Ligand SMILES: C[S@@+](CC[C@H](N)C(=O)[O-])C[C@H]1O[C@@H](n2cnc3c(N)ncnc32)[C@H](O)[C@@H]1O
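The chain that follows stands alone, in the form predicted on its own, written as structure tokens.
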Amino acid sequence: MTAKMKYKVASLFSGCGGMDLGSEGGFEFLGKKYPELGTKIVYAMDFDKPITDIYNSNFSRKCEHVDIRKLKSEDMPEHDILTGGFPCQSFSVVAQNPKRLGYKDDRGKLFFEMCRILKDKQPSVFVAENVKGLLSANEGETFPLILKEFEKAGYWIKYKILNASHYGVPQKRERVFIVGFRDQAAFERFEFPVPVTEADPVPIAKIVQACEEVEEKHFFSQKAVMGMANTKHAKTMNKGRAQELNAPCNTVGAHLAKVSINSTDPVLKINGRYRMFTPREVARIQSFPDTFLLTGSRTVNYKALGNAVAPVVMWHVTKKIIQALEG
């Protein structure tokens, strides 16, 4: 039965749509159904045009290709929930009293654009996702200031590091989720989702493609493998991360198109041969259903998937948000 639509969701920094797929629901992953949550994406935007093209191949609501600094709040539709994984590379703390948040380049300003939209639109809830390193950035001085900016926008805040492998995702991906409510009672009712697969995580054996499905270009040459084995640091260097098939994958990133046998990115070793993950395998590692279309170039697909929020984790978070809103 289709859930009745109650909540409108606006999405910033949408990427290929991991957060959006999770916040709407209505998909299946590894034989488990994640039902519709009674939400609907009414707005999506991203600055990376090739990645918005992937999004637009998968959603009826099209992702707008726009610079958030040029996005006027009044041009966005009204919404109940605002989501976004704001870029975090450029935060710094200006050395002055009182301490305040600064930024080293234009990317660092984008967080403040999210706060601007929150102040202007005042949705009931927002969800922000980021790398767990945000909590320790600038010797731990940055994160409290980020929370303060969200509070100044009018929100009660809770945050937690969630490990994707605890929620049915075959990946040990740790990310901080920040959830803010305008209503204090809903804030007090909200709890982050309880782990469901912490004791029995999903192994990557369940998502690896059959050898005959994998093109030869994904395999590393014997010369590259021997080069790694012969280096004097081979036994101590954190390289050539061949993954255990009976365990979740290490975190996948945006640069898998350039992965080498000597990189710190996860790789596979099957039947004695080393290879990189295919884009479809990376999509599965991130919990995208096989119905999700990968329409970009190989490089664009890897980048989009590596930067995405795991849809299954976002589904669990959104479900708890709706429960808190509805009391």
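Remember, it's a predicted structure, so these values are computed and weren't measured experimentally. Residue positions are given as counts along the sequence shown, with the first one as 1.
Only in words, not in the display: the form predicted in complex with the named molecule, which the text now covers.
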property	result
Proximity to the named molecule in the model of the complex (heavy atom, within 4.5 Å), stretch among 204 to 212, 158 to 166, 80 to 88, 139 to 147	80 to 88
Residue among 33, 62, 273, 69 with a heavy atom within 4.5 Å of the named molecule in the model of the complex	69
Contact residue in the model of the complex, chosen from 267, 45, 294, 300 - any heavy atom within 4.5 Å of the named molecule	45
Residue 315 within 4.5 Å of the named molecule in the model of the complex, heavy atoms	no
Distance check, residue 178 to the named molecule in the model of the complex, heavy atom within 4.5 Å	no
Close approach of residue 110 to the named molecule in the model of the complex, 4.5 Å, heavy atom	yes
In the model of the complex, residues of 143 to 180 near the named molecule [heavy atom within 4.5 Å]	none
